[in-house]
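Encoded as structure tokens, the following chain is the form predicted alone, with no partner shown.
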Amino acid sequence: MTITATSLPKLPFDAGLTYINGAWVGSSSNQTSDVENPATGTVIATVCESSKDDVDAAVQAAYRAFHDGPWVNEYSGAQRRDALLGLAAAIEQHRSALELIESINVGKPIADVRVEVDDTIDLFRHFAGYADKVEGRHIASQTNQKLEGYTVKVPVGVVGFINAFNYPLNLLAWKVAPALAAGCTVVFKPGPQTPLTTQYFAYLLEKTGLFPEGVFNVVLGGAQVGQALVDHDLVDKVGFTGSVATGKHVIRSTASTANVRATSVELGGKSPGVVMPDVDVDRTAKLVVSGCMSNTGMNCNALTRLWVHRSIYDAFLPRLKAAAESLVLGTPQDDATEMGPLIDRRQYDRVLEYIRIGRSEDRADVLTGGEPLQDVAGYWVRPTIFSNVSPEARIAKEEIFGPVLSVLEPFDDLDEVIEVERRNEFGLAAGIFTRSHKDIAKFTRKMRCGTIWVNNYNALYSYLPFGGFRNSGFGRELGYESFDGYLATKAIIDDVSSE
């Protein structure tokens, strides 16, 4: 296989700068980091690394914009709505450049990126519709006719976001669109591997002329930058997407600062899928492979833990193998490509180590894959499926974040699956494939997870909430629930007995 090194398009901003208080500025640290194309392992850009002072400048700018600027104090909900609609239009106008940059920087198939940019535009339009619909309640007097009670909803304040590398632009929209619609101001840190579309987004936001300075700010870098953002006492809420270990650290940090602040964390998953005996075997095998291998398995809700009923186990495995082996790996910018590389050397090494664990420690059978691509640069691993895996095996319990599916030992009854899955430390998503409404009702009622797919997988919509239970985090992205998470409720008690 030959991978073509696609050139990055000319950027309309200086990638060596970041965006703070309405201006493009360098870092006071004078430190930089390289950005790679993971399909080839080559450097495509060099960006600055923000210092603690840069983080402070960004938070201070967001704080001033919230407390003293027009975004909260003068803009109506309708004006914020129109600003978000203008931003959606700008993204649509520049979508070709955004798609190419995202595909190169993430190594993501261009066909998938086009869908994600569609979703990004839809998200800003969807949440724009909430901006002029912030409502409180009037509460009739219960004990004192002279006092009148009502509630008002207000934006929570300055929000610090720490994003993951796997869906840079799309996850930005998940977070930023509802926060801005609610009237918050933002400091945003993208994943250090994939900053370029965040910078492009800042350029487009500035270009609209609809957002006052300080409303949206960008800081760049790794863990130290994220820590400075989480620790800053002027940040009112932290939103984080990433690993369980880092998410727990974020939660502890937000509770240890001078001012306790709201936190929303979307963490990892080890999502189970259940294949009952009444399915269309060929169609279901393709859905399972797509549910696991989409985005090269770097998906927090990836279907990586598969239960197959004993009566169809032996017939289902060859279909699963064929579906995985039919995936087209190739240059991410080719329309035919269905799966790209892993994001970087660290993730590549991690996935190969788990494949070794599956073979040597868990003693699972390799149905297909189990090795890197040979004679290509970049971070390529073949779609890998293990079969006859114990539910207690490491590859069945630990999040790998790569194209690795564990087909567990066959089961006989849905109740035994549900009983085992109650001990799953994650609770982000699950899927069931069956025609039985009785089994669907039982599974959706008893599974403790935030999203359950029935006879499909990975479908997400701007109007439906997404989030997890247990180690998959708390809080919700998408839907009204996400918007409401950036609002706080005030109770007002008014003495109406006198003028």
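All values reported here derive from a predicted model rather than from experimental measurement. Numbers follow the displayed sequence, beginning with 1.
Below, we turn to the form predicted together with a small molecule, even though it does not appear here.
Checking S311, T257, S243, N388 for any heavy atom within 4.5 Å of the small molecule in the predicted complex turns up a single hit: S243.
In terms of contact with the small molecule in the predicted complex, the residue from L196, A179, V275, C300 that brings a heavy atom within 4.5 Å is C300.
Using a 4.5 Å cutoff between non-hydrogen atoms, A223 counts as a contact of the small molecule in the predicted complex.
In the predicted complex, the small molecule lies within 4.5 Å of some heavy atom of G268. In the predicted complex, none of the heavy atoms of T151 sits within 4.5 Å of a heavy atom of the small molecule. Contact check for R80: every heavy atom lies farther than 4.5 Å from the small molecule in the predicted complex. Comment: 260-268 is the region of 283-291, 260-268, 355-363, 325-333 lying near the small molecule in the predicted complex, near meaning a non-hydrogen atom within 4.5 Å. Taken together, the three residues R95, F216 and S462 all stay farther than 4.5 Å from the small molecule in the predicted complex, as judged by their closest heavy atom.
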